[in-house]
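Let's start with one chain on its own, the form predicted on its own, as structure tokens.
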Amino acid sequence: MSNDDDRYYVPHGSHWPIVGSAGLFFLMIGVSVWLNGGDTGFWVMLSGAAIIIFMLIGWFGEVIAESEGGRYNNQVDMSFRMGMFWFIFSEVMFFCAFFGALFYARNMSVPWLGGDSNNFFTNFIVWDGFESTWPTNGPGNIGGDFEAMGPFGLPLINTAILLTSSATVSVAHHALLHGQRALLKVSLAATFILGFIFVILQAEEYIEAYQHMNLTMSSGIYGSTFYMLTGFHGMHVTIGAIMLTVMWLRVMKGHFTPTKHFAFEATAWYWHFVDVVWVGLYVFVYWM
């Protein structure tokens, strides 16, 4: 089928949704059993994760083969673009909810409990003696004393790394559009390497927080919101770096042309989204 064909490509029946559902089922059961003390739950969880990975490799492999086989026309390309747009929009709402939780806790709940000028009786009746400070390990000094994570050191280095990776993926996109394959390969490799370096340094940051700062997920509302935001962002960086690695492998195989490269473009969109979220996270979590 040529790209000018008006017919919309409808794929054949696929077994991959069933495989993915089975993987999610085993993953859910495994996590539930493991969290409730069952030793077998861990292995069931790993089995579910392995099935999901197998499904992703097989399903995306078929999609890549269909794309390289010329089965997708402009209508299909537009559907992919709309799907990626709404997926990123849902991710934006996902992080907006988490940033909203941080804002509510820091700017509303803690001042209310501390008895600000408009809520004096809240402090007197609900929590007599509670002091409105941020960061706080309230309620009830949960987790003991801790040290807040500052904006310098590893967080600042990781910020520079992600901003640099945003520039390198833009260079790679520019190189693809102009047929500069050598520059494309180097810039794209630099991008996913920087992404994995970010993940490694974030793991080092967590180790430092747990071992030397007593900052854990049990350190009150500050600890829970800190790890919730940075942890989910780290997961997104990991996924994005894997996606970039796959794009690099496809580039090495000669995939993508200046006029046909949606998969690369969608991955670049996702990576820029991850970078923008980190900038907001760095400002509101580390600085403020």
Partner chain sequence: MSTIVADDHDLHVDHSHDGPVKGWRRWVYATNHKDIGTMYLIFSLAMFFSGGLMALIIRTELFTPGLQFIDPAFFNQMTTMHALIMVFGAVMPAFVGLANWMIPLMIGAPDMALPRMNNWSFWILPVAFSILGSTLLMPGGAPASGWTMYPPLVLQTGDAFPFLIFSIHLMGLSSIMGAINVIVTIINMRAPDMTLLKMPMFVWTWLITAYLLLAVMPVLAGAVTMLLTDQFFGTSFFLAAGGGDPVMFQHIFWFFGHPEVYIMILPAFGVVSEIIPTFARKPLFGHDSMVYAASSIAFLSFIVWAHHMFTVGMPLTGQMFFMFATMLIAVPTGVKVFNWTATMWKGSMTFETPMLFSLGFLFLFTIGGFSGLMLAIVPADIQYHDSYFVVAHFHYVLVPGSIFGLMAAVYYWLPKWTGHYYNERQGQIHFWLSTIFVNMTFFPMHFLGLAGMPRRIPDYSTQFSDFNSVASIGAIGFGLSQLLFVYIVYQCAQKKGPKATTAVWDNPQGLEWTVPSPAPYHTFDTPPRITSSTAFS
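Residue numbers count along the first chain shown, from 1. The model shown is predicted, which means the values in this text are computed figures rather than measured ones.
What comes next is about the form predicted together with the partner chain, which does not appear here.
In the predicted complex, does I161 have a heavy atom within 4.5 Å of the partner chain? Because no heavy atom of I161 falls inside 4.5 Å of the partner chain in the predicted complex, the answer is no.
Contact of E68 with the partner chain in the predicted complex (heavy atom, 4.5 Å): So E68 does not count as contacting the partner chain.
Should I51 be classed as touching the partner chain in the predicted complex when contacts are defined as heavy atoms within 4.5 Å? Because no heavy atom of I51 falls inside 4.5 Å of the partner chain in the predicted complex, the answer is no.
Does G150 reach the partner chain in the predicted complex, with heavy atoms at most 4.5 Å apart? Looking in the predicted complex, residue contacts with the partner chain do not include G150, since no heavy atom lies within 4.5 Å.
Please pick, from I239, L249, I57, L35, the one residue with any non-hydrogen atom lying within 4.5 angstroms of the partner chain in the predicted complex. Residue within 4.5 Å of the partner: L35.
Just to be sure I understand the contacts: of L154, A189, I197, M217, which is the one whose heavy atoms reach within 4.5 angstroms of the partner chain in the predicted complex? By the 4.5 Å criterion, the partner-contacting residue is M217.
Looking at 161 to 169, 201 to 209, 68 to 76, 174 to 182, which one sits within 4.5 Å of the partner chain in the predicted complex if you count heavy atoms only? Answer to the contact question: 68 to 76.
Going by the partner chain in the predicted complex, which residues of 204 to 239 come within 4.5 Å of it through any heavy atom? Counting only heavy atoms within 4.5 Å of the partner chain in the predicted complex, the contacting residues of 204 to 239 are M217, S218, G220, I221, S224, T225, M228, F232.
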